[in-house]
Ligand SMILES: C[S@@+](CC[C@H](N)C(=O)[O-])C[C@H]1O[C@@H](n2cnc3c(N)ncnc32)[C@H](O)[C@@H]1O
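As a starting point, one isolated chain is supplied in structure tokens, in the form predicted alone.
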């Protein structure tokens, strides 16, 4: 086998692995869609709602309340519905997710006049360059099979001056907090998720996906590499989550 053949075989194996992961993640979220919100509230002690509100504030919607914003990996439309229900918001929200059952599970939360759900992959968004005045992704970017590609794609669809906000689980914690966090996250969360959603693998996948996700500093650098400026991040709840913000110039 030549070096070219080896390189081609490696690329094909990687593509196959990525396709398998994409299919697994898509099916998993489709399966747990009816239980997704309930499990989130339970395992986060309802802190997920507070974290989401803080992330939305970072989007600075008040700077252009008549514009179009992108909710990426929108899931059951929590973020889109919170943005759409703001009294000072008069624009629209495009809520994109590749698992259609997740979007369907959240339809009762939204006004179709304000929020437009779209079944779409974060790596191939069906939007023109610069269409959005801002984008936000909450607990979803770690599930994308190509993080760097997703960051570049978001950068493409944002207009100049727009913000991109990422809310994800964090890695920066004190030793004690980290020990308690891992004990709860790796052991109790799967038990709760399995009991409520009755899906054996979904809530075992959750801690694994967090463990393999880049650190806060690494994610910030990847955002810069994708073209974002003024990138900054802040931890919340003793480092359990972090909010990253970048701007397109």
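Numbering follows the first chain given and starts at 1. Everything numeric here is computed off the predicted structure, so don't read it as measured data.
One more form of this protein, predicted in complex with the named molecule, exists but is not displayed; see below.
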item: In the predicted bound form, residue 52 touching the named molecule (heavy atom, 4.5 Å); value: yes
item: Close approach of residue 81 to the named molecule in the predicted bound form, 4.5 Å, heavy atom; value: no
item: Residue 134, heavy atom within 4.5 angstroms of the named molecule in the predicted bound form; value: no
item: 4.5 angstroms heavy atom contact with the named molecule in the predicted bound form for residue 181; value: no
item: Answer range among 83-91, 155-163, 137-145, 173-181 for contact with the named molecule, defined in the predicted bound form as heavy atoms within 4.5 Å; value: 137-145
item: Residues of 97-126 having any heavy atom within 4.5 Å of the named molecule in the predicted bound form, listed in sequence order; value: 97, 98, 99, 102, 120, 121, 122
